[in-house]
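Encoded as structure tokens, the following chain is the form predicted on its own, with no partner shown.
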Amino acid sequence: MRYLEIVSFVKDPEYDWPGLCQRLGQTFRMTVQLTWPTLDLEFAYNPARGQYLSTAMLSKLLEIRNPAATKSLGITDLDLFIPILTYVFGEAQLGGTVAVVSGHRLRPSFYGLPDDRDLRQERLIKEAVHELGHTFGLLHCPNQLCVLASSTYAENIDNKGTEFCAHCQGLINDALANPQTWPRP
């Protein structure tokens, strides 16, 4: 059975977990299971930057994920970075099995705006679909309305759609129809 594992490192009641799971299940045509592991993420903390290295979190996710899961998506509220960028909304193994997304910079309040639960949830869904798209081997899309378009700023996330463009949807459809080509953990 193909299934997507959502590994939540947050106990935030503001997230609409059932809505996220439903949306990801529909998009990737998989059963979705939500897990809540107890894990101290301080191993990924960089005190000089005051942020968490997303690549380290991907490595840990590879260690703790359920090997029966087709793909695993970690969700955190920590501020993520990679060494060459000031911050990232998420990171994924290109063509691999794991991805991570952070809600930290998806909150409107991070930018001094009033909190908007629906906007934050929409941003989380877009970034989750985006990063999971990378696990299926898709690269950033030049179509700025495609969910696979690169997002440097929250405004980029807001301006793109929640769906794959026709080209990227075709690539996802091909990947979903041929699971034997998927990488194995």
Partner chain sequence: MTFAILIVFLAIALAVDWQLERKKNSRRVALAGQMSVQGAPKLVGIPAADRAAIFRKVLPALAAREVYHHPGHAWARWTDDDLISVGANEISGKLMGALDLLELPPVGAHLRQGRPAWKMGRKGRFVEQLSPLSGEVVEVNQAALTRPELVNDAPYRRGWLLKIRPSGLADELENLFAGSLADAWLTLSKERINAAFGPPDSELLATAQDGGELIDGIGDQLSDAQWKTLSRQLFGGR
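Only a predicted model underlies this, so the values are computations on that prediction, with no experimental measurement involved. Numbering follows the first chain given and starts at 1.
Quick note: we don't show the form predicted together with its partner chain, though the next part is all about it.
Asks: If we take heavy atoms and a 4.5 Å cut-off, which stretch out of 147 to 155, 112 to 120, 65 to 73, 32 to 40 is in contact with its partner chain in the predicted bound form?
Replies: In short, 147 to 155.
Asks: Using a 4.5 angstroms cut-off on non-hydrogen atoms, would residue 124 count as touching its partner chain in the predicted bound form?
Replies: Contact with its partner chain, no.
Asks: Residue 128 near its partner chain in the predicted bound form, any heavy atom under 4.5 Å?
Replies: Looking in the predicted bound form, residue contacts with its partner chain do not include residue 128, since no heavy atom lies within 4.5 Å.
Asks: Is there any non-hydrogen atom of residue 142 lying within 4.5 Å of its partner chain in the predicted bound form?
Replies: Looking in the predicted bound form, residue contacts with its partner chain include residue 142, since a heavy atom lies within 4.5 Å.
Asks: Can you tell me if residue 88 lies within 4.5 angstroms of its partner chain in the predicted bound form, counting non-hydrogen atoms only?
Replies: Contact check for residue 88: yes, within 4.5 Å of its partner chain in the predicted bound form.
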